[in-house]
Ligand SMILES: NC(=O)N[C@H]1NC(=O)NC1=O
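Let's start with one chain on its own, the form predicted alone, as structure tokens.
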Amino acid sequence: MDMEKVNSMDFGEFVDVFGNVVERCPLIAAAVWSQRPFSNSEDLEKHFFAFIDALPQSGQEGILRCHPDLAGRELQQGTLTAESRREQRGAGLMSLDAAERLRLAELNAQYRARFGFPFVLAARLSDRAAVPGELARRLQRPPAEELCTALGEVKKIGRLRLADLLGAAGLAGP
């Protein structure tokens, strides 16, 4: 999809297409739409990320709370968004054995209790063996530092999702 098409989208179409660039936050796409025209895919990405950066801490934490636990309840219930399902499948999180699921559930619960939002990781850039170790490592971080790290992961996920939508492989870098 080229920028001419993106820039010509009406509000509803834009939100339909880009509404899940940031997990379950179509309001961000709605706000970004008003920033048209975009000069290129990097410009579009910049507007998504600037919106996130401009939010107060409570809003940033709200964005994080829109994300599902990795290999968590939403995966088990089949209620993940299509993007999250594809990302978790790609990381091998849909094929965990019972012990692996239990370990992740315990770590996810500890993380949520410590920080007040779920552990967010760009699953497409990881794998099932690395996730528990990364979760355990990040559990030890100071809250302000972890908020920044988690928001960085949201941006990685957003960059990958934009690349999928736009067919722009150049956006897919870390």
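Treat the numbers as computed from the prediction; the structure is a model and nothing was measured. Note that residue numbering begins at 1 and tracks the sequence as displayed.
Same protein, other form: the form predicted together with the named molecule, not shown, and the subject of what follows.
Although the named molecule is omitted here, in the model of the complex none of 6, 36 and 41 has a heavy atom within 4.5 Å of it. The named molecule in the model of the complex comes within 4.5 Å of a heavy atom belonging to residue 161.
Within this chain, residue 61 is remote from the site of the named molecule in the model of the complex, having no heavy atom within 4.5 Å. Although the partner is absent here, residue 139 is not a contact residue: none of its heavy atoms lies within 4.5 angstroms of the named molecule in the model of the complex. The named molecule in the model of the complex is not approached by residue 166, whose heavy atoms all lie more than 4.5 angstroms from it. Interface residue among 122, 31, 105, 52, judged by heavy atoms within 4.5 Å of the named molecule in the model of the complex: 122.
Contacts between stretch 70-86 and the named molecule, counted in the model of the complex as any heavy atom lying within 4.5 Å, involve 70, 84, listed in sequence order.
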